[in-house]
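The data below hold one chain only, encoded as structure tokens and taken in the form predicted alone.
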Amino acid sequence: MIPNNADPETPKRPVRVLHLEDSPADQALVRMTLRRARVPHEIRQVDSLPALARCLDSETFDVIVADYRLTGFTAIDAWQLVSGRAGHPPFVLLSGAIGEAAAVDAMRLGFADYLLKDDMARLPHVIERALEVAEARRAREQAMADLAESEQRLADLAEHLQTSIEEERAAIAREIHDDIGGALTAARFDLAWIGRHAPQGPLGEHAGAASEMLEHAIDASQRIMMNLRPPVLDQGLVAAVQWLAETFERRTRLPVRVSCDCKAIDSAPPALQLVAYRTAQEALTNIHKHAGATQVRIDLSDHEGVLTVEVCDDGRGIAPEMLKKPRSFGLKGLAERARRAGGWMDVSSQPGRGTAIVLSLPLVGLPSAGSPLTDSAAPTQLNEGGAEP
């Protein structure tokens, strides 16, 4: 913005003007116009493209004012030289009559404004408006850059947090398997020995009751361990989803049909397989908690280089306003997990007509069709619970 000397709070930094003009008379007219308008300014006047380039290389300017037709070139040539520079100043066209078409073309190219020399008195106002627009554009670009940086930091933090959670889950699962599981198994053997050798009476009965409690504890530890990170995930995504469906069926009595139309889904990067598995796991949890469904279907595919997991149910569906609730962290978490993996997640639902959650993850670096990992190209239909027919 042009400094206003009447405002004591406004800095009195002069406006730095680069004036491209080969007419000495017009150069003088511009200087006089700015001086009469009492615009604090510093003006550098040049009449050739090389001189324009040297000025831009060595100095900074707030605005460029240029005639349209100069000796051997036009303002369009000057604009091409200027527009390729990052953060270039606004470019105002100050010329005689050039025709409406040329003026429109100039504005389409990105010129800040166009002013006829016959209307020279408006030049200070045109410069001020160009500076305001340029400042607003820079502020918007800076805000967008700050927002993008903030989003990237948030995404990095979320990814680190998710990675830490998965690592911690795996570590806890190993501890349960190696330490607690081993100790419980040893105790079960000892109780079994006591039960076999104890005389008939209270000691044998207590040993039997303790064995039953121990079996419950072993089952619970194995269930916790599997929920933390099932070892079957190491056998591939298809096997893990089949196991997930089977355990879901046993736990909820809801039938789950799993189908796989895959060529190389199990050779997808482990990180993507884990995202797909966690999505299916969370979707089944939501179905059990909220859907009131009578049947569930899980479809896996890897068509056209995209790993797709679709979990559908015939439950009560999700009302649109529920999807917009700020505390719907489950679905938002799945969407964020998909986004961090370079994919996306869609939710399709109608009240009373069930819900479909579709995760799509672009695959990279997979073996080509025909490799040992892709010999199961034909679609595989699996029985309810995941067992192959």
Partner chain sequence: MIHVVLCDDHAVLRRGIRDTLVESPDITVTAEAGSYPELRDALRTAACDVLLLDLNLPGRSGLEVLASLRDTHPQIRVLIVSMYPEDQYALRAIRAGAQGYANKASDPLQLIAAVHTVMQGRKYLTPEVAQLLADSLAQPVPELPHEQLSERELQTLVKIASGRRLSDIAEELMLSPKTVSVYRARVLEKLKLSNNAELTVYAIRNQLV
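No experiment lies behind these values; they were computed from the predicted model shown. Residue numbers count along the first chain shown, from 1.
Omitted from view is the form predicted together with its partner chain, to which the following refers.
Residue H177 is the only one of H88, R278, H177, R122 with a heavy atom lying within 4.5 Å of its partner chain in the model of the complex. This chain appears without its partner; in the model of the complex, the one residue of R316, R169, R129, R188 with a heavy atom within 4.5 Å of its partner chain is R188. The candidate site formed by G181, R250 and R297 is fully in contact with its partner chain in the model of the complex, as each residue has a non-hydrogen atom within 4.5 angstroms of it. Only one segment in the set 154-162, 239-247, 102-110, 284-292 has residues whose heavy atoms sit within 4.5 Å of its partner chain in the model of the complex; it is 239-247. Its partner chain is not shown here, and in the model of the complex it never comes within 4.5 Å of any heavy atom of E321.
Not displayed here, its partner chain is kept clear of A264 by more than 4.5 Å at the level of heavy atoms in the model of the complex. Of the heavy atoms in C312, some are within 4.5 Å of its partner chain in the model of the complex. Although the partner is absent from this view, S349 contacts its partner chain in the model of the complex, with a non-hydrogen atom inside 4.5 angstroms.
Contacts between 222-238 and its partner chain, taken as any heavy atom within 4.5 Å in the model of the complex, involve Q222, M225, M226, P230, P231, V232, D234, Q235.
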